[in-house]
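Read the single chain below, which is given as structure tokens and is the form predicted alone.
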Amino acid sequence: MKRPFLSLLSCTLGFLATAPHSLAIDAKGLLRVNTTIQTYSISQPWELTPPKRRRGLGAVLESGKILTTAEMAANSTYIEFESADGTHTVPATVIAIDYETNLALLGPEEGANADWILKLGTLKTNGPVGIGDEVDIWQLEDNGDAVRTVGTVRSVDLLSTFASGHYFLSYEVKASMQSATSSYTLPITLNGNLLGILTSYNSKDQISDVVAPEIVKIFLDDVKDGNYEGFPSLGIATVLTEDSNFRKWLGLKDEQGGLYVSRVLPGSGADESGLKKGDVILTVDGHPIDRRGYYKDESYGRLFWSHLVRGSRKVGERLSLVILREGKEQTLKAVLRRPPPKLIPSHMYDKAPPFLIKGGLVFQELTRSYLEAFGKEWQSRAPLNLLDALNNPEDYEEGRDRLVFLSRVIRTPATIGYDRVANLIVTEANGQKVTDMNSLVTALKDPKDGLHSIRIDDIPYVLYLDPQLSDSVDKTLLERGLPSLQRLP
């Protein structure tokens, strides 16, 4: 469901120098979005990385607001709108952002002179298109000329385009695009109306990924009341039922498909509906689910079943499920809700990561972003114990809100002998269970028998710190330029 692709920023130089279907013409409803972004260091969360600049495009909607990607606005310290010819600029602000779908709605800062934006023209949103339909991809040159590239919708799939692990309906558009400035994120139109937002371009295969209009519509509808909730979730984990022996054990007939429910998140819509681990989902809202998890969509053909939840419904809407439980079919009704907070968050965009330094021991709360920092092959290169927690959170959730781990050890007089200890899960501190970073801070205020004892999940299993020595080290670290010893949620 997720194929390799490059962000537009990383592949701009891979665009073809000329393209027979690219035309320089006038266009309406386009402006540049310039952002300055700055993130926190993964390994040293008390430090900010050097700022970077991004330049992309936004689509001017009839409301006067600007639609672009979340990737353009995430972790931004400054956002600015700029006219195509560069004669007008105005500071901008984020109205709503959804990292999962990779969409953001922006507007000019309150009180700023932005009358020129509506003079650029506006774009109405469009409905879905079919496979083989031609669409227009827009870019802007330095001189302000709009470049239109004609592309063809090749396929439709559920893709994860920004926040890892979140899949939404996307078009795959075949187009030979040329090099142009402001090519980080691009509007796509059909017959002069906005179809979606291009999120990536693979210059080798000449394939673009475009957020589908159905997803754009739900996002914009949700924003209207000023209280953006986001896309819903059923709150389950599933296993495919392709294996014949597994199907026999479940009591499934040959003509039945089905998804085995391997986990139900506490507090989710599935949990409230009565769905249980071990149930087999046969249909979702009347759509039969096959043994690979697909259903037949009226417009697009075979799509993965999650689109019936995350791409077709809003928070608070009800979903009908036909399940198989102990050999008998039952019908359940689930109210869709936002996903419950995860033990291990999938991302930390626009959030400062919590941390604690004590005597040279560096503690953090585990996130997927931390694991992904181990590189392209992170799923095999990251520490096995932390990967196991990511893949099997149910084994670690009891009594925890977040998973605290010892990420590294700074060599100090208080940490002699612990130099090579790193990436180990913390279970207790001074006899108190560690449930999140706040609980660790509280526990370390009360040493036992004259020592801090910190229990971890591997050798040496317990770390000991001298309270007076560790306090002295903490003071020295601050004197030597460390900005802070802790950041709490």
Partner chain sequence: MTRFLLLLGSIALFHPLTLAQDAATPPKNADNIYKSVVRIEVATQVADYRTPWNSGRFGGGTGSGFLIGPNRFLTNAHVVSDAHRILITKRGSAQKHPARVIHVAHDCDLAILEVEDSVPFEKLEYLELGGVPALESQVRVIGYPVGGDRISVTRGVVSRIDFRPYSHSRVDSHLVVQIDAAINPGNSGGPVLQDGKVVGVAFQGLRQADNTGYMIPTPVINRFLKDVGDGNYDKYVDLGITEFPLFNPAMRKALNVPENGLGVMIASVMPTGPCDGLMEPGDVLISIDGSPIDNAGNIEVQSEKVVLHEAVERKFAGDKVKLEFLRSGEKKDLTITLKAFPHSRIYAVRYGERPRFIFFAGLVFQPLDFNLYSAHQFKSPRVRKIFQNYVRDAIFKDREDVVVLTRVESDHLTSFITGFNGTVLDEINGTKVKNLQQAYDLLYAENHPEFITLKCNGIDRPIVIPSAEVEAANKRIMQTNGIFRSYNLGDSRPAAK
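Positions refer to the first chain, counted from 1. Since the model is a prediction, treat every value here as computed from it, not as a measurement.
Form predicted in complex with its partner chain: not shown, discussed below.
Contact check for Trp138, Asp254 and Gly327: none of the three has a heavy atom within 4.5 Å of its partner chain in the model of the complex. Remark: Ser299 does not count among the residues lining its partner chain in the model of the complex, judged by a heavy atom distance of 4.5 Å or less.
Looking at Thr415, you'd find a heavy atom of it within 4.5 angstroms of its partner chain in the model of the complex. For Tyr464, a non-hydrogen atom is located within 4.5 Å of its partner chain in the model of the complex, even though that partner is not displayed.
For Asp85, no non-hydrogen atom is located within 4.5 Å of its partner chain in the model of the complex, even though that partner is not displayed. Just one listed stretch, out of 142-150, 69-77, 191-199, 257-265, contacts its partner chain in the model of the complex at the 4.5 Å heavy atom level, and that stretch is 257-265. Here is the short version: of Asn391, Asn227, Thr331, Asn113, the single residue with a heavy atom within 4.5 Å of its partner chain in the model of the complex is Asn391. Proximity to its partner chain in the model of the complex, defined as a heavy atom within 4.5 Å, singles out one entry of Leu451, Leu61, Ala422, Leu48, which is Leu451.
Along 238-258, a non-hydrogen atom within 4.5 Å of its partner chain in the model of the complex is carried by Val239, Glu242, Asp243, Asn245, Phe246, Lys248, Trp249, in order along the sequence.
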